[in-house]
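Next up is one chain by itself, shown in structure tokens, the form predicted on its own.
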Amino acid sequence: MRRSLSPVPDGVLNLCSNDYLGLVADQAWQEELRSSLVEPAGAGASRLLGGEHHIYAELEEAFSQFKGTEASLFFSSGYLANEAVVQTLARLDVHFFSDCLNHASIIDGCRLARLDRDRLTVVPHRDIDAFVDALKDSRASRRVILTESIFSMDGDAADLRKLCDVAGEYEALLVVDEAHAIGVFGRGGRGWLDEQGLPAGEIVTVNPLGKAWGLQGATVSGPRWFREALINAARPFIYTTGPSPWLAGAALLTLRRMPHWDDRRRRVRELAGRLRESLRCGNGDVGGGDSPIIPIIVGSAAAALDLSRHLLEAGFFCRAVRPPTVPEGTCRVRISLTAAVTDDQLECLVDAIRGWRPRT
């Protein structure tokens, strides 16, 4: 189970990246970003202690309009943003209800908030009835539902319509991590919430920019009161240096361009559908999602490592995912497609996967 860092070898196709729209690999776009850098490179301090920069406010206002919410707050990573959201809400008398396959950053937020069983219920994956039963039993004055929109390891989606109805019935705040949806789904890339036709006004969304946006950082978007709460209570915001203004400027430029990349969104989703269909025809276990994340679930860690080596020999860089990232018995090679993948490359990938035979 020991991990090691490994750069992508020359001459192979990187299928580990979450660069769904192919922006990181697009050299013309990268050059455009470089030409628009906003000085200085660093904030120099936390945003509350002299590190505030006008570009943050511009980005946050534009992102609020993009998501259809009252306010947004820019963080230096999605991990910090999720921790900040949970820790801030935990200062209130809140009972949290969290999907069991939520990202580690949400789990760590709950741990750092020192939530015990009276304040945290972990719910079976995507089980709406279990959410309802748990909410019925809660005696807390406030309730929060925590979920991802597109789950990072299985590539499947939360039923946000039903969760939104449940949240309304039990007067719960719905918090949605849009990491793997923002930029890929919804009108102009607005995310899975928008794809489901839901208004974002009273929902808190965490919108990391390190996946389809090809950058780093995240915005938390939602009601104005929650932005004020984060500024005043979120330790991951208060006690860290502000994000690079270069990064904020790149995020703002990407935001302005994002609605014009429908062709890239259609392309990556088409590729994902074709790959899933091809592998299912060969009786492969690729989960039940409809996103650019395609897990090839092989069971053991040894088998996952073996498949990863086999694909590397065929020219595809796809790393094995093992416990504790995924449960025992569900080890896999996780493929993340991008819009830059060609039809020929997809066919070769299918042939390589179908040609794999576990080594004994």
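Predicted, not measured: the structure shown is a model, and the values here were computed from it. Sequential numbering from 1, following the sequence displayed.
Same protein, other form: the form predicted in complex with a small molecule, not shown, and the subject of what follows.
* Interface residue in the predicted bound form among Arg126, Arg276, Arg267, His103, criterion: non-hydrogen atom within 4.5 angstroms of the small molecule -> It is His103.
* To do: Scan Gly78, Gly109, Pro243, Gly191 and let me know which has any heavy atom within 4.5 Å of the small molecule in the predicted bound form.
  => Flagged contact: Gly78.
* **Heavy atom contact within 4.5 Å of the small molecule in the predicted bound form, the stretch among 163-171, 246-254, 179-187, 109-117** => The contacting stretch here is 179-187.
* Asked: Taking Asn82, Lys211 and Gly217 together, does each of them reach the small molecule in the predicted bound form with some heavy atom inside 4.5 Å?
  -> Judged in the predicted bound form, Asn82, Lys211 and Gly217 all sit within 4.5 Å of the small molecule.
* Asked: Can you check whether Thr88 is within 4.5 Å of the small molecule in the predicted bound form, heavy atom basis?
  -> Thr88: no, not in contact with the small molecule in the predicted bound form.
* Contact between Thr121 and the small molecule in the predicted bound form at 4.5 Å, heavy atoms? -> Looking in the predicted bound form, residue contacts with the small molecule do not include Thr121, since no heavy atom lies within 4.5 Å.
* Hey, in the predicted bound form, is Gln196 touching the small molecule, heavy atoms inside 4.5 Å? -> No, no contact at 4.5 Å.
* To do: Considering only heavy atoms, tell me if Ser152 and the small molecule come within 4.5 Å of each other in the predicted bound form.
  => Heavy-atom contact with the small molecule at 4.5 Å: present for Ser152.
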